[in-house]
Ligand code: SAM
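Single chain ahead, written as structure tokens, the form predicted on its own.
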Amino acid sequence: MRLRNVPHAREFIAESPFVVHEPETLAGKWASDVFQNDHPIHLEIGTGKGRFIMALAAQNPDINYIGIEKYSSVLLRLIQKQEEQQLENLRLIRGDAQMLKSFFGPAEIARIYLNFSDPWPKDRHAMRRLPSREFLSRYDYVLTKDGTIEFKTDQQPLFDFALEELKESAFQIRAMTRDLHADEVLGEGNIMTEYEERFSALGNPIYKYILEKR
């Protein structure tokens, strides 16, 4: 969901030291040039206001995190939180996930998180859905050989679509549930996004899969 435009959001983002402004120049060099270590890199596509990725980064200082967010007004909220916490293992990109293969080199990312992505309900927009075969091809390029994808949604049609798209992809299901909060295994240690908390409070089941390469 897009927030209303916030005055001067783009200017604020442009001045933030936590935002990487020319990610194309760092493809294949994020660990060495940005984080300056050899820790694995995890990527969240569509950060929202950042509760999920900031909690992960705080809990796991030995993992580097990158968040991609398309909308400046949304990313602004995350930057404000990051300025308070100053997490050294978290960097941000304001950009479109369609550019993933420009932002990162082959096999540079160890894990990708997709949380409550835009369902793009019209059929003609299917290729814009983040679990579509078009995006799965991009993920295949940037993920390591043993890399994984974790996808959560409250939208059953989107989840069913995501499962169908696997037939045309390089991925297979490692684990899956149609009711995450009732699943003792996949629900353990689950970090809720802002949207997840809202949807689950309404009684909506949360769908999740974890993919690995075939």
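Residues carry their position along the shown sequence, with the first being 1. Since the structure is predicted, the reported quantities are computational estimates derived from the model, not experimental observations.
Beyond what is shown, the protein has a form predicted together with this ligand; the following relates to that form.
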Check residue 130 for me: does it contact this ligand in the predicted bound form (non-hydrogen atoms, 4.5 angstroms)?
yes
Would you please decide whether residue 141 lies within 4.5 angstroms of this ligand in the predicted bound form, comparing each non-hydrogen atom pair?
no
Counting only non-hydrogen atoms and a 4.5 angstroms cut-off, does residue 74 reach this ligand in the predicted bound form?
yes
Proximity of residue 147 to this ligand in the predicted bound form, heavy atoms at 4.5 Å
no
Joint contact, 47, 115 and 135 to this ligand in the predicted bound form, by non-hydrogen atom at 4.5 Å
yes
Which of 156-164, 47-55, 27-35, 174-182 lines the interface with this ligand in the predicted bound form (heavy atom within 4.5 Å)
47-55
Do any residues of 49-77 have a non-hydrogen atom within 4.5 angstroms of this ligand in the predicted bound form? If so, which ones, in sequence order?
68, 69, 70, 71, 74
